[in-house]
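Here you'll find one protein chain in two forms, each presented separately as structure tokens under the names structure 1 and structure 2.
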Structure 1
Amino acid sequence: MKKGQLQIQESIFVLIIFIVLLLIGLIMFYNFTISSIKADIASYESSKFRSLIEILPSIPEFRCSNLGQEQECIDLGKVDAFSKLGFDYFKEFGYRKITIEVIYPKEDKSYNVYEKRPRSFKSIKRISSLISLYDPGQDKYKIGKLTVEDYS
């Protein structure tokens, strides 16, 4: 072989090795980016789930109002009507179960506000908070527990 042919072969081998290393680097970068995006999505869904417990008492469908003055409580009359009408709130709530349970005075009353279960799920995350409830039928304030379950 001549000296020129050896140099061309060496250059081709160097280019092939460089391209292989570049492809390996791109594949690793792609995998790292995909895993980072999946972690961000999981973090977003988790924060959205946790914030739902704070947002629910303040949405107009449940919030108490008296003569146009809004109060920091959940109106059980609105909750009862909401659960009976069964509007499709899948975009807002997703695959979750939302229940309100009256704690004080002791009643065996529970309101299933929203429930949408997926066909299969791996785990259930549950968060709950104490809330103030207003019962317009009795014109009394009560203490309740708002529970949100997330199916994932």
Structure 2
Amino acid sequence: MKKGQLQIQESIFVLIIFIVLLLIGLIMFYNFTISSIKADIASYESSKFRSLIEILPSIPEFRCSNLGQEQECIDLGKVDAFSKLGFDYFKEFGYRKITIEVIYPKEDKSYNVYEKRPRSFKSIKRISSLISLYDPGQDKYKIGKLTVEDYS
């Protein structure tokens, strides 16, 4: 083989190795990007689910107000009306279950605020928080447990 042919072969080998390394890099980068996007989606959904504990007591549908002044509590009158009327809040709450249970003073009372189950789901994630409740019937402030279940 002539010296020129040998040098061309060398260049071709280098090019092939370079392209293989480039492809491996691209595939790794693509996989990493896809898995990172999936992780971002999961993290976004998870933080959206967790933030419900902060958001729910402050949405106007449930929040207490006295003479137009808003207070940091949930109005049981509004919750009762909301759960009975059964509005379509799928866009806001998605496939979740939201319940409020009165824990102080001890009452065997709970409100099924919202529930939408998917046909099939792999797991249920649950978070809860104690919240301030106002009972307009008795004009009393109580303590409740807000539980949000996420079907995923």
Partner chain sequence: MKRAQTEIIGLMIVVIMLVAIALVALRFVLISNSSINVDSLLSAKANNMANSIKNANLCDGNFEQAIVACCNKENFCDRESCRLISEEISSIINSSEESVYVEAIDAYGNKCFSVGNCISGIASSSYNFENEVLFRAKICRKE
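When a residue number appears, read it as a position in the sequence of structure 1, where counting begins at 1. Remember, predicted model here, so these are calculated numbers, not experimental data. Under this definition, the rigid core comprises the largest set of C-alpha atoms superposing within 1.5 Å between the forms.
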For the form predicted alone, pick structure 1
Give me the smaller rigid part's rotation between the two structures, in whole degrees, relative to the larger part. 13
Core-referenced Cα shift (Å), L23, between the two structures: 6.4
For Q9, give the CA shift between the two structures in Å, the superposition being done on the rigid core. 10.8
